[in-house]
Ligand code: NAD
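As a starting point, one isolated chain is supplied in C-alpha cells, in the form predicted alone.
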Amino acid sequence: MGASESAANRAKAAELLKRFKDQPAGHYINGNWLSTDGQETFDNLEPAGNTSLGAVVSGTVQDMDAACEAAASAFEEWSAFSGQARKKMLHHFADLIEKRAEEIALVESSDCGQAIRFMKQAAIRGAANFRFFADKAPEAQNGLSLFQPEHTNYTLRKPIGPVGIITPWNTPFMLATWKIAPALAAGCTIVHKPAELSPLSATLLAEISEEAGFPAGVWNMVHGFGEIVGKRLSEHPAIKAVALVGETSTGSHIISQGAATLKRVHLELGGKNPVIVFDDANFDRALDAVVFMIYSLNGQRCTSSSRLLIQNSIKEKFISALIERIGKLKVGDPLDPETEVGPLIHRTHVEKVMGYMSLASEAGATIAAGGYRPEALAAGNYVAPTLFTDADNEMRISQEEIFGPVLTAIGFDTEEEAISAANDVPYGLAAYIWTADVGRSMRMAQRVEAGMLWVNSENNRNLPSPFGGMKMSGIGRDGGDYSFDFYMETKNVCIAHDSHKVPSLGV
C-alpha cells in the first residue's frame, strides 16, 4: 500500500510541478502576474534528488520598489474595509486553501523536502491561521477605556501601514499564513518575500489571494535573494514594519537595514532548545516527545529540542532506548507516506550539518547514532538521524544551532545543574520539561530563559498564546492580540469632562 501511494504521490506531484518547468515562477504585484520573458532566473532544486523543479525569477530592486509602492497605494482602501468585511474575505481565503489542500501538500513536500505525512497538515493549519485571525478582525481596533475624575481616556488601534513579510524555507506555507493572516486582518497590506530555496508555495498563496478577490496591491509577492530584494524590502520607506522568520544573522541585517526609516521589526530567529528529562518523568511519553521534536520535519524546525538534558540516574536507560528508536526511523522519499525523515533543504546546508560530525569527535563527544549520509540516497540531501553523547554544554555542538536531525545529549544530576545548562546558550526560544513534580515544573518555568515552555508535552500549538523568543532568538510575539500589537499602532484619546481647571497664563 505504501509503495503504491508513494508512486501515486510522485505522479500527482510531477503533474502539478510541470507548470513550473514550463514557465518560471514569477512575481505577483498590484494584482498582476508580471511577465517572466527575458527576466533573470535561478534554478530551484528538489531536495530529494537535486533535480530541477524549474526556474524562478530573480527579483530586482525595481521589482521590489514596484511591490512596495503597490502596497502603499492599496493601503488606504484596504484599511478602510470594515472588520466584518475583512473577516468575510479571510474566511473565503481559508476555504480556497482547503480546496487546494492536496496540491499544497505535494508541492510543499517536493519543494522543501518535508515528509508528506507532516505536509498534509500544511493547508489545514494555514487555513486555521486565516480563520482564527478572520474572526478577530472585527475586534482588531478595540482598545481600553481608562477613567479619571475629570477626563476619560480611551485607546484604539489602527493598522500600521504596508508591511514586509519574509519567510523561511523549512515550513514555508504554514509560516507565511501565520504572518500574513494577522497583517491582513489588522488592515495592513503586505509584500511577501519567500525564501529562494523553497519558493513555490508562495506562488500558490498569491494565486489564492487573486482568486479570493483582494483589491489590487493588498497582496504582493516578489521572488529572489535576500541580499537584493530582501534588503530593499527592509529599507523601503513605504514599508512600516518587517516580520521575519529566519536565522539570527538575518535578523541583525533586518534591524540594520530598517534603521534609517525606523521600521518596527518582529524577528522569530534561531534556537538551541533544551528538552529536560528528570528521572520521575513518564519514561515512554518523554521518549516519544524527544524523538518527535528533533527528528520530525528533518530537524529543520525553529522549536526543535536539539539538546537533551537527561538526569544521570536514568541517562543510560534513556539513551539506550533512544538509540534503538533512532535506528528504526524511516528515512527516504518525502512523498512516501511511510517516510519520517526526509532530505535537508540544500547541498550547502548538508555540508554545514555534516561539519558538526567532525566537530563532535574533535571535542570528545561520541556519535552514538547516525553521523553519516545514507549511501542509497546519495543523490539527495540526506543526513542520517544523529545522536551525540558524552557531550558537555561548552562544546559547539551544544551551543550552535545545527538545524538538522541532530541531537546532543548532556547529563545532569540536580535541578540547579539543569537550569544552568538550559540557560547557558545565546538563544532562548523554547524549552521542554519532563517531570512528575508540579512544584519543580513551576520553578523551572520561572527560571528557564525561553519565550515558550512546554511541561510534559511536545510543541503544542495554541493560536491565542504568544509565540516568540528572547535573547538571540528574536524580538516580539505572534499569536492572538500579540500579533495585532505588532501590525497596529495604539492611539490614546483623552476627552475632558469640562470640569477641570485649565491653567491660565498672561491673564
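In this text, residue numbers run from 1 along the sequence as written. What you see is a predicted model; the values in this text were computed from it and never measured.
If you look for the form predicted together with the named molecule, you will not find it shown, but the lines that follow are about it.
Colleague: Please identify, from 131 to 139, 241 to 249, 116 to 124, 377 to 385, the stretch that has a heavy atom within 4.5 Å of the named molecule in the predicted complex.
Modeller: Comparing against the named molecule in the predicted complex, the contact stretch is 241 to 249.
Colleague: Does the 4.5 Å heavy atom contact test between residue 111 and the named molecule in the predicted complex come out positive?
Modeller: Residue 111 lies outside the contact set for the named molecule.
Colleague: Give a yes or no for residue 254: in the predicted complex, does one of its heavy atoms lie within 4.5 Å of a heavy atom belonging to the named molecule?
Modeller: Close contact exists here: in the predicted complex, residue 254 approaches the named molecule to within 4.5 Å, heavy atoms only.
Colleague: So in the predicted complex, is the named molecule close enough to residue 302 to count as touching (4.5 Å, heavy atoms)?
Modeller: It does: once the named molecule is placed as it appears in the predicted complex, residue 302 has a heavy atom within 4.5 Å of it.
Colleague: For residue 401, is any heavy atom within 4.5 Å of the named molecule in the predicted complex, or not?
Modeller: Within the cut-off, so yes.
Colleague: Just to be sure I understand the contacts: of 351, 77, 227, 102, which is the one whose heavy atoms reach within 4.5 angstroms of the named molecule in the predicted complex?
Modeller: Only one option qualifies, and that one is 227.
Colleague: Using a 4.5 Å heavy atom cut-off, which residue among 331, 166, 97, 202 comes into contact with the named molecule in the predicted complex?
Modeller: If I apply the 4.5 Å criterion carefully, the residue I get is 166.
Colleague: Quick one: which residues from 445 to 470 get a non-hydrogen atom within 4.5 Å of the named molecule in the predicted complex?
Modeller: The stretch touches the partner through 467 alone.
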